[in-house]
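Below sits a lone chain in structure tokens, taken as the form predicted alone.
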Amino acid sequence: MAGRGEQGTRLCGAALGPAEDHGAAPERVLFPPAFSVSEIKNKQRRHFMFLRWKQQQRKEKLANKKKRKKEREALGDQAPPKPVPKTIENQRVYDETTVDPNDEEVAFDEATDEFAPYFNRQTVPKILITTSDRPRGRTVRFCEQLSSVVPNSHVYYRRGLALKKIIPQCIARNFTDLIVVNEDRKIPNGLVLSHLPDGPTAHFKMSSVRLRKEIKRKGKEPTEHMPEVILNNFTTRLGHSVGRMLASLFPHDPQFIGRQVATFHNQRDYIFFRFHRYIFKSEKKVGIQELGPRFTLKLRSIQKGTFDSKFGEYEWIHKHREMDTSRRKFHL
């Protein structure tokens, strides 16, 4: 065993070179073609050599990038197009339900679904935000900040009432949507969105909740202007319906003078919410400030009609073992 340790140390010393014995780091380390860090027995030396190898890889990658950039500048307009990197998103498995904007069936569904009165500007959104029973401070603060993002929204606390009793009261008071924020271990972990009076109802898993005070380099408090709404990557029929449900929470006519934007970005079936204010630095440059809060949603189910956990009919349910068989298959 002692012979092996000495041999591993000698290998490391030979690879590092004599400069390492005096504490001076060489400018570049040339590793042999068949070099393997795992062959080094000494743990400290192995870790050090791995860091040096990673540093050399980064330098070579940066040098190649600069070389390609100079070649493209020299060729000018004759330069070949940049290669598109392979990602999970652009290798997505084709979905038959992908929405075509010119599809007559899709246009008919949009004109006759539950959200058509909103998009036809016949109704104005009025939102009720409530919580689970006995909410903790973090959930209460999140609901208050969410109400400052969604215009014409009101926060009320459950006080032991069941949702089946709350929904008729909301309909009688002309609320168009009901948002219920659930929590577990004092952390918001779920969101139920029910469109009134006829549904549908969506259940989301909520994660990565950040309040305003937890966001670095945040802007000032949001104003009462109606924000713009941006929906990204809701491409399938299911994603199209979810996007229309989220868009119907905000008034149809934004006030651009407020320069506030609410973004729902779908990536790999995770819906990331961000609330920003953009600032014009010059005629060509625009900066943004995040106002908060931020959170991430994951669709669990869509139910026809309003919330009914016992007799409700579900349009779509996320079944983990059946639907998550491929990393490149997405549903929204």
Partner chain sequence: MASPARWNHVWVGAETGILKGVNLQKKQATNYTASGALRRDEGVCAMCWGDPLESEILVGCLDRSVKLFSTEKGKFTESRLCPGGEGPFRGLAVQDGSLITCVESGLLKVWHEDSSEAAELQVGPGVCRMRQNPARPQCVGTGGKENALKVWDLQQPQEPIFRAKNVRHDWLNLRVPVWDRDLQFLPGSEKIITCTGHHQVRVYDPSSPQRRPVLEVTYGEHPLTALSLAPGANSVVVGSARGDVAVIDLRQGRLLKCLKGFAGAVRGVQCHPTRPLVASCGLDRFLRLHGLDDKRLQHKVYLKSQLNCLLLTSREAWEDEDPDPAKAEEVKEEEDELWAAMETVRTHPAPKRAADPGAGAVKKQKRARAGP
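Numbering follows the first chain given and starts at 1. Throughout, rigid core stands for the largest set of C-alpha atoms superposing within 1.5 Å between the two forms. From a predicted model like this one, the values you see are computed outputs, not experimental measurements.
What follows is about the form predicted in complex with its partner chain, which we do not show.
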{"item": "Contact label in the model of the complex: E96 to its partner chain, heavy atom within 4.5 Å", "value": "yes"}
{"item": "V37 within 4.5 Å of its partner chain in the model of the complex, heavy atoms", "value": "yes"}
{"item": "Exercise: I187 in contact with its partner chain in the model of the complex, heavy atom 4.5 Å", "value": "no"}
{"item": "Exercise: D198 in contact with its partner chain in the model of the complex, heavy atom 4.5 Å", "value": "no"}
{"item": "Contact stretch among 258 to 266, 155 to 163, 128 to 136, 100 to 108 - heavy atom within 4.5 Å of its partner chain in the model of the complex", "value": "100 to 108"}
{"item": "Partner contacts in the model of the complex for 296 to 318 (non-hydrogen atom within 4.5 angstroms of its partner chain)", "value": "K304, K310, F311, G312, E313, Y314, E315, W316, I317"}
{"item": "Cα displacement of L299 between this form and the one not shown reaching 2 Å, rigid core superposed", "value": "no"}
{"item": "Core-aligned C-alpha movement of M49 between this form and the one not shown reaching 2 Å", "value": "yes"}
